[in-house]
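Given as structure tokens, the chain that follows is alone and in the form predicted on its own.
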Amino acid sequence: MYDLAIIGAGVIGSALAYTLSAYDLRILLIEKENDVAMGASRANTALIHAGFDPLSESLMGQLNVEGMRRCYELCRELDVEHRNTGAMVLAFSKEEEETLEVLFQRGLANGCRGLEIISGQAAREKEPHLSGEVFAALWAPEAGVINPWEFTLAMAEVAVRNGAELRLNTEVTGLAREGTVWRIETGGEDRGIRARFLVNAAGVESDRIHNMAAPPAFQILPTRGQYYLLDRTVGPLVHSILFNTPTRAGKGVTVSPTIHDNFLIGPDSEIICDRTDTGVTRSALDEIARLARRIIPSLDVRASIRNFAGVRANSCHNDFFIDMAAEGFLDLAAIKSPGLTAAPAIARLARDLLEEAGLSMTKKEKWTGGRKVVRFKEIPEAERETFIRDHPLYGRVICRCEAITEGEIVAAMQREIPPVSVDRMKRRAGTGMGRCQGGFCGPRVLEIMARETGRDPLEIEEDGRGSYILTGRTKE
């Protein structure tokens, strides 16, 4: 029996597993997909939000700034790619400038540092490609960009290293309270996992999981957001994150750099029925491009190397839903933006709530944190020859677009949560992230994965379960 079972291995579930792995607890992290970070934690705007947007009285407002500062600390501790870029909210009229003042005051109340309202001219001095129609801007220097799936994975890896158990391809189909214990039905052979405490971190499925354990309290309104990812060849398009002035519909379309020096444009906001629908539409992408050109008139979306969509867990509650909804059952539900940023703070709050509910928190005598990733292109040129002599696999470049070596691919296979598909490798080592999007390196990556794991190449998937790349052999 487990002391604690966490349903959902996105950024929230992984942050909690990471936090609680420092205590003497038997922890189970359950994920229905074949890897961590398969939902909104992989398909989002990849931002570390400064904290000026959410209402101060909301959980989002109370947890954003704490989470933001802890995000930067964790990125350094776990060697997660990130960059402190700063952000600007742009006003195109006097009326919108009044909204900037509201955000400024809200940010001060939330604990943001360094906020200032600047003129349109000062904004253009920071961002030369900015529209001449920008009237004023709110500058937030604490904002940044992050590799969201690496952040999630890094926390899950440390949790597993310190004794947490991760079960992938395990979908929760039912919950039942048996005395002081929860029984978790998964449809698997064991027909029931037992845990003293249960945490619901199931993202867009969090209302369904909640309703298995307690009376309905909130409804998820799955909201699709679509994006453009532009190639870095467009040049120095923007250096900081650029927001339109927010409306009731949300923060609007954003133009921002990524940690890989590409540029991300989006998202839109569309409530959908199918929680798994991550398709993109021509009409939505055209509207995103139009709104983005309001910010950067010279923007050319023909430099797009990929379009994608994510589904975020908006809800009728319009805030994070964090509550001990039943005995031994904690909801970390309806986590929408700034959920990624707030994840470390949400994990801290969850730890406190679980302890108050009776979960014993005894620190381990030995806990191994930290993480280091070798990225060959970050090794100074003067040191590369010696490094390759000692580690020959790093001398073989597999992904030419991103200069990713065979050594990095093999190293990813040897970490605590090895990838099981080509796209899982992409999100660990960076293969296929460049202009050709895996067109050249994909077959070689598959070959290396098959060699290192002893798996049949026919069994290796592109991404999620069932997305097989090869269908048969032409020669025996």
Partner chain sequence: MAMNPDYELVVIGGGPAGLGAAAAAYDAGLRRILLVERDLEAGGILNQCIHNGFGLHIFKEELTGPEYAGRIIDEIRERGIACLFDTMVLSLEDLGGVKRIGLMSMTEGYRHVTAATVVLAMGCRERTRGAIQTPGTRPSGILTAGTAQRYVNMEGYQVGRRVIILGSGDIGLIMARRMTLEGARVLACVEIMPYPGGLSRNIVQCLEDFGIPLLLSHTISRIEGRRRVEAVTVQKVGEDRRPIPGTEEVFEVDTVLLSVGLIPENELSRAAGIKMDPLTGGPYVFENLETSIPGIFACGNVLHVHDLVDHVTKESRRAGKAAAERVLGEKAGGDAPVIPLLPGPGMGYVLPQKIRKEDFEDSIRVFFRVREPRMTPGRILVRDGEKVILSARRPYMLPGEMDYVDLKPEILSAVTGDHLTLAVES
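This one's a predicted model, so the numbers in the text were calculated from it and none came from an experiment. Numbering follows the first chain given and starts at 1.
Below, we refer to the form predicted together with its partner chain, which is not included among the displayed structures.
For the options 384, 294, 161, 371, the residue carrying a heavy atom within 4.5 angstroms of its partner chain in the predicted bound form is 384. Think of it this way: in the predicted bound form, its partner chain has a heavy atom of just one of 396, 290, 76, 94 within 4.5 Å, and the residue is 396. Only one segment in the set 328-336, 205-213, 281-289, 359-367 has residues whose heavy atoms sit within 4.5 Å of its partner chain in the predicted bound form; it is 281-289. Each of 233, 306 and 435 is positioned with at least one heavy atom within 4.5 Å of its partner chain in the predicted bound form. Residue 277 belongs to the set of residues with a heavy atom inside 4.5 Å of its partner chain in the predicted bound form. Though the partner is left out of this view, residue 113 does not reach within 4.5 Å of its partner chain in the predicted bound form, counting heavy atoms only.
In the predicted bound form, at least one heavy atom of residue 228 sits within 4.5 Å of a heavy atom of its partner chain.
When contacts are judged by a 4.5 Å heavy atom cut-off, residue 66 does not count as touching its partner chain in the predicted bound form.
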